[in-house]
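Heads up, the chain below is alone and in the form predicted alone; it's given as structure tokens.
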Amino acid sequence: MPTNVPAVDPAVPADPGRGSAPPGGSRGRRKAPTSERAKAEARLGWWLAGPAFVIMVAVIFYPVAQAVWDSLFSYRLTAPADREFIGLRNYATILTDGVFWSALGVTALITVVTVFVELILGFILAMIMHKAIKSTRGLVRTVILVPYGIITVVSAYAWYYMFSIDSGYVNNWLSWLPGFNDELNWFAQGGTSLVVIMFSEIWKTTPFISLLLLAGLAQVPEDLSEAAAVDGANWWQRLSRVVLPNMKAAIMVAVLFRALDAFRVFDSIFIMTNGAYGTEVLSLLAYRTSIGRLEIGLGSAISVVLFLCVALIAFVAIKVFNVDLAGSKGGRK
């Protein structure tokens, strides 16, 4: 006798949602309905954070949009009536100029060297602050953080006068070294100038790195290190397999923040060499083009390229470290 009841495969488990899922749904899963309370909380969140979000977007993106717009014009402040739309020709000009690539190379060199050295020194200082005995911990942290509290311009002038051939005393300090010329003019050539500039950057901002890494060290569970020590792990094994993996988020933040800051270095170079002897960086090149030569269109194009480089650094750092800072996946991967 024929029947209209469809056959049921006993190998397929029963699915309560089966038959009620909408066509094209995600394999029978349905999104739980949002409660009225959750909707009200979401609306309240937008009302509270919305104004700040709009202001932040306006403050951040308006100058960028204006720079992008100006970079499409041949525009000099000395002849504003001759402003002319030229498309991407300003970008073609800077990308085919050796001065731009030299400035980009110097910027990348300063960024890589200073961030690498600061990361190592900052971790050592963070370990010292973390292990300092309780009675001296505040004093140790204060002493280490003093350089970061000094204004960058003041710090740059201090390092300039310290190494100056006229008023500096470093040559006298180093005169005992064999082969060292005590008449060395540090700011008369590119190599020695960059050494002083990078020294000043490292001295100034290493405390910032150490502060971030100290926060990361405080997040490492002590019981994990103690368990590793009980299992026979030596100091290096505990550091590389317990401490550093648990500091991944702090290391990423430290490297990212400092790399972005180092790539925009300006004050130290402006004061010490003003870009002479091959020490010009991208930010100084943009300043000299826009303010010095009043080439607004060309200077805006350099600024846009600098912005894209900074965005690329942030993107690469986030992808390389692969850390879930929002904590949506447990805080770390």
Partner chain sequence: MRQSRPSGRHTRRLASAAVVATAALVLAGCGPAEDIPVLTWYTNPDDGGQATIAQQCTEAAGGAYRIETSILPNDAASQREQLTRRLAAGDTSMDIMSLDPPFIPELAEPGFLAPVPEDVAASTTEDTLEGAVAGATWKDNLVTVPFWANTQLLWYRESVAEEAGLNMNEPVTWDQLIEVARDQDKELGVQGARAEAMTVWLNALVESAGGHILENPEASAADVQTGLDTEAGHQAAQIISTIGQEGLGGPGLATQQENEAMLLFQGDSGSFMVNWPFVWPATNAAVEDGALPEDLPEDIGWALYPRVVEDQEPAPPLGGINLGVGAESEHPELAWEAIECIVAPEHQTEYFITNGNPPSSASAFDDPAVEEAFPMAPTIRESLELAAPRPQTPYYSEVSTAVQQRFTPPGAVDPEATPAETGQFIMEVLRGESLL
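Positions refer to the first chain, counted from 1. Everything quoted here is computed from the prediction, not taken from an experiment.
As for the form predicted together with its partner chain, it is not shown, yet the points below apply to it.
Annotation: in the model of the complex, residues 94, 277 and 287 each come within 4.5 Å of its partner chain through at least one heavy atom.
Residue 50 falls outside the set of residues with a heavy atom inside 4.5 Å of its partner chain in the model of the complex. With a 4.5 Å cutoff on heavy atoms, residue 243 does not count as touching its partner chain in the model of the complex; it lies far away. Residue 295 belongs to the set of residues with a heavy atom inside 4.5 Å of its partner chain in the model of the complex. In the model of the complex, its partner chain sits within 4.5 Å of a heavy atom of residue 76. Residues of just one listed stretch (277 to 285, 36 to 44, 261 to 269, 52 to 60) have heavy atoms within 4.5 Å of its partner chain in the model of the complex: 277 to 285. A heavy atom within 4.5 Å of its partner chain in the model of the complex is found for exactly one of 195, 239, 215, 99: 99. Screening 222, 183, 231, 84 for any heavy atom within 4.5 Å of its partner chain in the model of the complex leaves a single hit, 183. Residues are counted as partner-facing when one of their heavy atoms sits within 4.5 Å of its partner chain in the model of the complex; in 148 to 173 these are 165, 166, in sequence order.
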